[in-house]
Every structure is written in structure tokens, then in C-alpha cells.
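Single chain ahead, written as C-alpha cells, the form predicted alone.
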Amino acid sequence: MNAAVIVFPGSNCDRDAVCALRDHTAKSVHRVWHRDTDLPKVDLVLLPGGFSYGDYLRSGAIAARSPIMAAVQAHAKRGGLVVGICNGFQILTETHLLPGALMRNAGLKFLCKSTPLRIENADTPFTSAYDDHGETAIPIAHHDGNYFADEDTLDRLEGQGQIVFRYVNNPNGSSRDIAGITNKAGNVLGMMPHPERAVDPLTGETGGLAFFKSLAGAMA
């Protein structure tokens, strides 16, 4: 039950992710620099939120070509768990570990607020501690969080149960209110909301706690 958090230039949620994993999920958590080429022996890899490379070119486009990403892709192909949160989700689409793309928010403004979500699929390693079709609230903080995919891809995501989180009140224009998806195998998740910011009553919200408890159960 070990985890790794990848740190890119411009990551700003890596420490929050490490703390949430240590407190609620993993026995040990390694911080791995993006220029490394190997991962330690871990069950879970997390790509944190932030603004890798200042979102130059496209959000996540340069980070997706960092040396460590070859090891992350290999980990995913072996069936290891991979989570991408916010900028991490953008990186996962840029590496094609997940389909679709994250575009500018429909209102062309940075959004930072608590956001109600509906859990569409609680039968995943990332959502098993939630109730299917239940609701929670998790903060968002993004400028390029508008999920887009073609209609065939969206239909496939729907049909295969790969949509795991939807916005109750779509804040950014995402296709079909999508806030988080998995790959077909179900071991890679990307989501725009920040569960690592909602795990402690002292910070005001606990809607992300079940996310990390789900991971703990899957890793066990």
C-alpha cells in the first residue's frame, strides 16, 4: 500500500495530495520529481493539480512529455492505479491514458469554489466508499476544465460506465456535465475537482474523504 505523487514545475497541490494520502490511504508516499525516469515500487501514482510549466502551449502538454511519464504509462498498462487531479487530468488526456481534452471554461474565467457533484458510478477503486448516484461537494480551481470529446466517445464513456463524477450545476461547460472519468480498464481516473482539499473539517469540507477511503480499500 504505497503511493507516489509526481511533482512538475508549477505543481501546487502535491503537498496537499501527499498529506491526504498519508492520512487516509497509503502506508508510505513518495514525492517523485518529473525528471526522474523510474518509479519506486508503488500501487498508486497521483498526478496533482497546479499549472505545470505555466500551462504553456496547452495545459499539461509539456508535462505529458516529462521523462517520468513513460514509467507512469507503464504502471497504468500493468494495471496499477493512476489518478490525475485537475492539471493531472489534463496531463492524462495529453498522454492519451484518458480520452478527450480539457478546454477553456465556457465563461473564459478561472473558477474556484465548492461544487456539488453526483457520483455516477460507485463501483470503481476511486468511488466505492460513495453511494451510487449519491451527491457530494468538492472544490474546483481551474481555468481549463471544460471537458470535451466527440459524440461517439461520449456515448462509449456512458455505455461503459466510465463517467464517475458529474457536475450537478455544470460550472465550466463540460460535455454532458462530466467532472471525472476512468479509462476502459477502470484503473486510471481523471477528475477536475480537488478531493485532496476536502478531507478535513478544519478546512470546511469533507466531500473528498470518501475518495481517499475508496483508494485505501482498493489498495488493501
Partner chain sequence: MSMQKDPASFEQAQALGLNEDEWGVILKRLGRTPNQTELGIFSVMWSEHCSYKSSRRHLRKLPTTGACVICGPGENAGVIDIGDGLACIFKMESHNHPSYIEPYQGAATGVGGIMRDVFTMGARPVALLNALRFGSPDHPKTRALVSGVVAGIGGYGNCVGVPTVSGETNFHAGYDGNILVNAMCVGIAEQDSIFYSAAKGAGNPVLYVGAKTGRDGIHGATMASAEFDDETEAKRPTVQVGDPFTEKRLIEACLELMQTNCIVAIQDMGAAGLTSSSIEMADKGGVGIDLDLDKVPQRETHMTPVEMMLSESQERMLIVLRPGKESEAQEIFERWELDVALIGKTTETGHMVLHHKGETVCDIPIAPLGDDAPNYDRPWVAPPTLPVINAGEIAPGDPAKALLSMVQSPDMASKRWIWEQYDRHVMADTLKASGGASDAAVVRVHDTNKALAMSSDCTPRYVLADPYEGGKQAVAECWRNLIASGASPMAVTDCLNFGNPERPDIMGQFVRAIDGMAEACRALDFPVVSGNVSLYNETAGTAIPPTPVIGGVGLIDDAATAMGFGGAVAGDTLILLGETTGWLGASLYLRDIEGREEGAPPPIDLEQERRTGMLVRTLIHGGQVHAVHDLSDGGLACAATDMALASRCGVHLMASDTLSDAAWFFGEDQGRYLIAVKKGAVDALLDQAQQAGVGAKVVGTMKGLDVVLGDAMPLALDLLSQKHENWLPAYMEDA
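In this text, all values refer to a predicted model and were calculated from it rather than measured experimentally. Positions refer to the first chain, counted from 1.
Just so you know, the form predicted together with its partner chain exists too; it's not on screen, but the next bit is about it.
Asks: For the chain shown here without its partner, which stretch in 159-167, 191-199, 39-47, 176-184 has non-hydrogen atoms within 4.5 angstroms of its partner chain in the model of the complex?
Replies: This holds for exactly one stretch, 191-199.
Asks: Which residue, Leu111, Ala71, Ala122, Ala137, has a heavy atom that falls within 4.5 Å of its partner chain in the model of the complex?
Replies: That would be Leu111.
Asks: Is there a non-hydrogen atom of Ala210 within 4.5 angstroms of a non-hydrogen atom of its partner chain in the model of the complex?
Replies: It does not: once its partner chain is placed as it appears in the model of the complex, Ala210 has no heavy atom within 4.5 Å of it.
Asks: Does its partner chain come within 4.5 Å of any heavy atom of Ser11 in the model of the complex?
Replies: Yes, contact at 4.5 Å.
Asks: Would you check, heavy atoms only and a 4.5 Å threshold, whether Ala129 touches its partner chain in the model of the complex?
Replies: Contact with its partner chain, no.
Asks: Contact with its partner chain in the model of the complex for Arg35, defined as at least one heavy atom pair within 4.5 Å: yes or no?
Replies: Residue-level check for Arg35: yes, a contact with its partner chain.
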